[in-house]
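Starting off, we have a lone chain in the form predicted on its own, written out as structure tokens.
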Amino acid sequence: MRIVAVTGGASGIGRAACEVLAAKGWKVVVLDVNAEGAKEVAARIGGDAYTLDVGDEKAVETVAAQVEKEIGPVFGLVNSAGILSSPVPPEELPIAEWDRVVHINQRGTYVTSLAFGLRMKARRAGAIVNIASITAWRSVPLHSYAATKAAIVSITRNLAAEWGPSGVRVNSVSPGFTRSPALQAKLDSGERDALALKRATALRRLMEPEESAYAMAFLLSDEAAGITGIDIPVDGGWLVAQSWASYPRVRGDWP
């Protein structure tokens, strides 16, 4: 049974990844700063849980070593840990918030990839899936979050080329507007409008966390053995639908 570690595994897309991978026969190690949440997910899927703040470089290395000693060699890694930023003009975005988002999302993904990936490289086998975002591909008023997600796509490509000769594959998934607890909270507060988000996609609906998780499971599997350095959008067609807004008579009302 192959072992996969999932950061941010206590909630949202990370939680869905843990559930889907466990159902597909992986031994899942749930990593999250939310210790109780990680334990709850691990207990339900028959996995193991470790408390981890990806913003703490020393803790990441310690936990990686601990997991490999106590559970076994990690073949798969899902970097799902991340935080959001406020949709405000740059002059209203505190630099401390910018730094925090970069520290967790971008730096956290990189240092976690190194901690687990270098061990994979030494064994000449392994696969990593990073969680980017469709905001990496379009301009949005998320001046720190989107920048970190674009950086994650770049990190993915660079590590894929670097570690490919050693048999380690690195890919990413870019979720669209996904019905995660974080987005649901914004919908409930009125900060985001569900209808507007749905109308902006080709499929006219929000994504579910499991849909990104299935893409991750594929990229980690032997069925994707020839795939590395790519990013898969799981966005319901948000990326392809946006330009149609420039042709309202052709587009119609897009119900």
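Note that residue numbering begins at 1 and tracks the sequence as displayed. Please read all numbers here as calculations on a predicted model, not as lab measurements.
From this point on, the text means the form predicted in complex with a small molecule, which you will not see here.
Under a 4.5 Å heavy atom criterion, is Val54 part of the interface with the small molecule in the predicted complex? Yes, Val54 is a contact residue.
Would Val33 show up as a contact with the small molecule in the predicted complex if we use heavy atoms at 4.5 Å? Yes.
Considering only heavy atoms, tell me if Ala132 and the small molecule come within 4.5 Å of each other in the predicted complex. So Ala132 counts as contacting the small molecule.
Does Pro181 make contact with the small molecule in the predicted complex, using a 4.5 Å heavy atom cut-off? Heavy-atom contact with the small molecule at 4.5 Å: present for Pro181.
Which of these residues, Trp163, Phe75, Tyr110, Tyr145, gets a heavy atom within 4.5 Å of the small molecule in the predicted complex? Only one listed residue qualifies here, and that residue is Tyr145.
Could you spot which one of Ala151, Ala125, Leu84, Val140 gets a heavy atom to within 4.5 Å of the small molecule in the predicted complex? That would be Leu84.
Within 4.5 Å of the small molecule in the predicted complex, counting heavy atoms only, one of 170 to 178, 86 to 94, 115 to 123, 155 to 163 shows up; tell me which. Correct option: 170 to 178.
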